[in-house]
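To begin, one chain is listed below as structure tokens, in the form predicted alone.
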């Protein structure tokens, strides 16, 4: 282990990763801005669903545009290596703040971006081919510790492998669900659309997806299979981007997989880019090596070690809860379970007080269509919404209001079943990391 931490390698792969990550996030922020999603997701809603423990992350109203501007500018600065340390910290904080405002918008690739940005805070990605290195010759280095590159590789491997393990379930492998539901809806796709009507295609996609996620990290890491594996990465993610509305995630993963390629590959990319930058410096043949001080080494290694311990534990926290994970979703988020289920729900809330007064809530008065859709299938959001209603009606004619929910959810195409105990006053229930006893467990 001591010898491993003494190994050094070219900084070129980390530089290309820095440029690609910053550029991709900058494009993503522009896409969000010009599609009007900032207004629709973060300004229009009357109420929001913060994550447990992060209730202090509040929406900023029209100032959200400033937050997105800061995030986009930070991403651009990271790409060009301008005030890199400050820029990557700002990018991590601003992007994560946006992500935590409302769990309605949760996506695995938002979490992935936040975690990658966190890792990059501790990486010397600016010591070569950056504005910082151009302005400060003492900063320039061509070599960095090997573990810096391997940390990113390991995180990508962990993501894929956990995603593959999650696909080892009966619905995905034995029934090809939910692909059996989703693919026929895309049968109007040119050339290959007609294939999506065949059952064997649904099973082929399901099994290939599982085997792909489980094997691709090892195939990318292995020199002999790397090129073929990367072709599969491109084909897989381009196809998923065509079939499903999952935003920038496929392209981010295509970019990220480049980190597995050898140093010479990244050096050629840098040399190609240099042709378009007059007077670009920092020759690749420089022997300068970036070295962490002893204090920095202990601190950074401790942070990285803790990071991976957390990443290994969090995806498997669901085993601490009873019931079917896809039903209760206790331990579902942040576990790399990508597009594994199809849930549709209907939630009706009744507000009462001790005097006998009651009313049935019109959810559209409080939530956007997207919020209502997500809330109706996720127990923690149901609880949060019940508290929103209790707070609202406590100042609108109800004394100590009680909130009861009648919720029916259909999981992976099955008939709808009751999810919430209708006799429980959700206004009295508190959010915690414990099991929500008012969830009616799925016993099929």
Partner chain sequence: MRFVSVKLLALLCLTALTISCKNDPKHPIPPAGTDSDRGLMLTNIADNIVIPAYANFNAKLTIMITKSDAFIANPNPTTLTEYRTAWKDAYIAWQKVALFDFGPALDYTLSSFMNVYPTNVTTINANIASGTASLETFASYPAQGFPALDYLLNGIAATDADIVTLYTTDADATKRKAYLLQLTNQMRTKFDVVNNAWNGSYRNTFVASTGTGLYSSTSLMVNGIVFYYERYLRSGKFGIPSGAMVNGTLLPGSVEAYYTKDIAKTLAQTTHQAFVDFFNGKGFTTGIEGGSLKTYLNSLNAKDATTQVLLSETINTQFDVVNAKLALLSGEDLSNEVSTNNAAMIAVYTELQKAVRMLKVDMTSATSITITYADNDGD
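Owing to the predicted nature of the structure, the values given are computational and were not obtained by experimental measurement. Numbering follows the first chain given and starts at 1.
The form predicted in complex with the partner chain exists for this protein as well; it is not shown, and the discussion that follows is about that form.
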Legend entry - The single option of 198, 118, 298, 308 touching the partner chain in the predicted bound form, heavy atom within 4.5 Å: 198
Inset, instruction - Scan 360, 191, 319, 354 and let me know which has any heavy atom within 4.5 Å of the partner chain in the predicted bound form. - result: 360
Inset, instruction - May I ask you to check whether residue 415 falls inside a 4.5 Å heavy atom distance of the partner chain in the predicted bound form? - result: yes
Inset, instruction - Find out whether any non-hydrogen atom of residue 245 is located within 4.5 angstroms of the partner chain in the predicted bound form, and reply yes or no. - result: yes
Legend entry - Heavy atom of residue 294 within 4.5 Å of the partner chain in the predicted bound form: no
Legend entry - in the predicted bound form, residue 40 touching the partner chain (heavy atom, 4.5 Å): yes
Inset, instruction - Indicate whether the candidate residues 7, 26 and 143 are all in contact with the partner chain in the predicted bound form, with contact defined as any heavy atom within 4.5 Å. - result: no
Inset, instruction - Go through 215 to 223, 309 to 317, 149 to 157, 124 to 132 and give me the stretch that gets within 4.5 Å of the partner chain in the predicted bound form, heavy atoms only. - result: 215 to 223
Legend entry - Within 344 to 370, the residues that have a heavy atom no more than 4.5 Å from the partner chain in the predicted bound form: 344, 345, 346, 348, 357, 358, 359, 360, 362, 364, 369, 370
